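What follows are structure tokens for two forms of the same protein chain, given separately as structure 1 and structure 2.
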Structure 1
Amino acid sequence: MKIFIDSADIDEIKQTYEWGVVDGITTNPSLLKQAVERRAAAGEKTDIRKYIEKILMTAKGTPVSLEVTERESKKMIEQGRRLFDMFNPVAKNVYIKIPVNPSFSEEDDIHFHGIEAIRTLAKMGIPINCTLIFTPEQALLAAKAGAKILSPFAGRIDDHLRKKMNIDFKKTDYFPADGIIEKGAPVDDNGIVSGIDLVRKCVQIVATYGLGSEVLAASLRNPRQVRDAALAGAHIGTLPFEVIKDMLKHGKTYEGMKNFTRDIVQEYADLK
């Protein structure tokens, strides 16, 4: 599974690229806001255009998703095109991120505007990452419209299921991939028993019908969920910086290191 960093923080991004463990970047309006506010709190003013260019250069050779902020298809298409034309020349690695359905509620009359924007932009040759996917059906439509990347939000499905079960939880808590059994069956959201179940079903549909899109497991909050996403066959997992760091931690690793360090034969360490 490819690993992307889910961040708009240039320091985090640079660090993970230096470590050589990431294959791309996903950003979204909330992540960009956090990054800009963090810099403002540190007394730094951000020139957004230059800042994004820096991110793109750091990621040269790997994809970076930039999300539209418009909701109406025509405007999303204009903004998607504009962002692509403005930023893709920097390092030729821009994906435009489009929500699968930009509606705020069922009453909104713009349910297919995301799909329309994906279709049009994909036809222009602009690679699309379709975001905010919460059902395999949404993934199927996005793939048919031409999205190269499909982004199901695993953690947020888990939040939704835990709320349904009145479970107290922290955002980073592990949620079992096979769901939580209540009254003899896993609690579900229209047949989806966990975020990983959503990812697994998206992967299955893409593979069964050879749709050619990649499934990117988004909203992953802890290392075990990353493992589950990889085992579910996700092509990509996008991870916050903290989760990438947590992936290396284990008490027995620390203990083993202490023992190996205690047992060093000085003559061996001094070999030149």
Structure 2
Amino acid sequence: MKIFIDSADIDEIKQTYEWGVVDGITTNPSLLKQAVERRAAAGEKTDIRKYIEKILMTAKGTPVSLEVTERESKKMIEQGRRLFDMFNPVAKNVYIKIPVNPSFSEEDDIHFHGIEAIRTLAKMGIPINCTLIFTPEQALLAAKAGAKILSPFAGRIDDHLRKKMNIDFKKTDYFPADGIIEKGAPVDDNGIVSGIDLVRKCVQIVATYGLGSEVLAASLRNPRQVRDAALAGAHIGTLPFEVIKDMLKHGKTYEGMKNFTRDIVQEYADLK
């Protein structure tokens, strides 16, 4: 499974690329705005365009998703094309992030505007990351429209299910991949029992029909959920910086390192 960092913090991004463990970046306009404002407050002269260009160069050779802010198909197409033309020449690694359904409610009449934008931009040769997927059928439509990446939001589905069950939780808490049993069956959201279950079913549809899209497990909150996403067959997982760091932690590893260091053979260490 490829690992993307979900961040707009250039220091976090640079660190993970120096570690050699990440394969791309996802971000959004809010994260970018906050990152630029933090650097400006620290006295750095930059603007959002220069900052994005810096991120793209850091990630050269790997995908970076830039999100549209419009909701109607024509405007999303116009903005997506503008962002791609503006930033893809920097390092040839821009994906445009489009919501699967830009509606605010069932009463909106723009349910298919995201799909229309994906279709049009994909035909232009612009790679698309389809975001805000919460059902396998949304993933199916986005894949058929031509999205290269499908982003089911695993963590947010888990949050939604916990709220349905009136469970107090922190976002970093683990949610079982097979769901939580109540009255003899797992609580579900239209047949989805967990965020990982959503990811697994999206992967299954893509594989069954050879759709050519990659499934990106989004909104992953802890290392065990990352493990579950990998076991579910996700092609990509996008993780906050802290989750990437936590993936290496285990008490027995620390204990073993202490033992190895205590038992070091000096003659071996001095070999040249």
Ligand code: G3P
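Rigid core here is just the name for the largest C-alpha set that superposes within 1.5 Å across the two forms. Computed from a predicted model, the values in this text were never measured in an experiment. Throughout, residue numbering runs from 1 along the sequence of structure 1.
Between structures 1 and 2, only structure 1 derives from the form predicted in complex with SN-glycerol-3-phosphate. With the core superposed, Gly61 shows a C-alpha displacement below 2 Å between the two structures.
A movement of the C-alpha atom of His235 falling short of 2 angstroms is seen between the two structures when the two forms are aligned on their rigid core. Superposition of the core reveals a Cα shift of 2 Å or more for Ala42 between the two structures.
Note on Val265: its Cα is shifted 3.0 Å between the two structures, core used for superposition.
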